[in-house]
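As a starting point, one isolated chain is supplied in structure tokens, in the form predicted on its own.
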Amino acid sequence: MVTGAGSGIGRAIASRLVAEGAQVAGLDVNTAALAALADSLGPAFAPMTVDVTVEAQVAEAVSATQHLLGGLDLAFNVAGAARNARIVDMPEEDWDFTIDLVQKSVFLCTKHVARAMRAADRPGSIVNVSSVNARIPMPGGSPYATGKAGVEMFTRNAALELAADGIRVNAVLPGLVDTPLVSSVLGDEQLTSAYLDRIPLGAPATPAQVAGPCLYLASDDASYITGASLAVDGGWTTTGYPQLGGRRD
């Protein structure tokens, strides 16, 4: 089950899973985007229009996924968006929108996915997409950064609680990724340059470059990894210290 499957990282994860032989339930509020992806991926992809901030809809989607796919082994909590403003100007409803989508949805999906896996006595893996903003504050983006920091800690807590049920929970922290969420950044040459100056690999990630690490953490190759956070950021979180040794041309 993949949330936020209609675009960006969620779409890339769903596509990669299908390519590797999985059956996938893709959740999103964008029905048209899901339909387009279903046309592309074929019968292995089951589109579900779901608001992942509403518990009843999440519970129903998890049940439907089990019924349609014959079980539930992996879940990827990807859905996210932000309404940004400086703290002193932030409307309460914009704070709630961002926190609900970024953080509450991860709680709701993890809760119901883990219940389903436990009831079926079926071990599984959950991967939560956080952000480098869990560790790097963003001017004007306090609810997004706060929510993503919550996702990282929630991941560790869930890993601790669910280990006895054979359920691993890990987080991926992407940096700058070429998705619709950051189109305004990448459409601004000066702003893009400022970001790339902080990224040693010198480019934003593609959604596929984030999907790969997500699938790794969900796979048997990561069977002894739980409660971990993997930064997929082109080295962004290693920067910030002055260039004492000079730049390399």
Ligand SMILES: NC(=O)c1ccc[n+]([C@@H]2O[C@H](COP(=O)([O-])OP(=O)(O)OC[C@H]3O[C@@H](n4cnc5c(N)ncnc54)[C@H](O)[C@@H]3O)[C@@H](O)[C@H]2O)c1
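In this text, residue numbers run from 1 along the sequence as written. Owing to the predicted nature of the structure, the values given are computational and were not obtained by experimental measurement.
Keep in mind the form predicted together with this ligand is missing from the figure; the text below concerns it.
Between this ligand and the residues Ala159, Ala149, Leu176, Leu72, the one pair within 4.5 Å by heavy atoms in the predicted complex involves Leu176. Between the options Gly202, Pro180, Gly187, Gly42, the residue in contact with this ligand in the predicted complex by a heavy atom within 4.5 angstroms is Pro180. Stretch-level contact analysis of 86-94, 160-168, 128-136, 110-118 against this ligand in the predicted complex, using heavy atoms and a 4.5 Å limit, identifies 128-136. Contact between Pro143 and this ligand in the predicted complex is not found at the 4.5 Å heavy atom cutoff. Although the partner is absent from this view, Glu60 stays clear of this ligand in the predicted complex, with no non-hydrogen atom inside 4.5 angstroms. Among heavy atoms of Asn30, some come within 4.5 Å of this ligand in the predicted complex. Contact annotation: Gln209 falls outside 4.5 Å of this ligand in the predicted complex, judged by heavy atom distances. For the stretch 37-60, the set of residues having any non-hydrogen atom within 4.5 angstroms of this ligand in the predicted complex comprises Val50, Asp51, Val52, Thr53, in sequence order.
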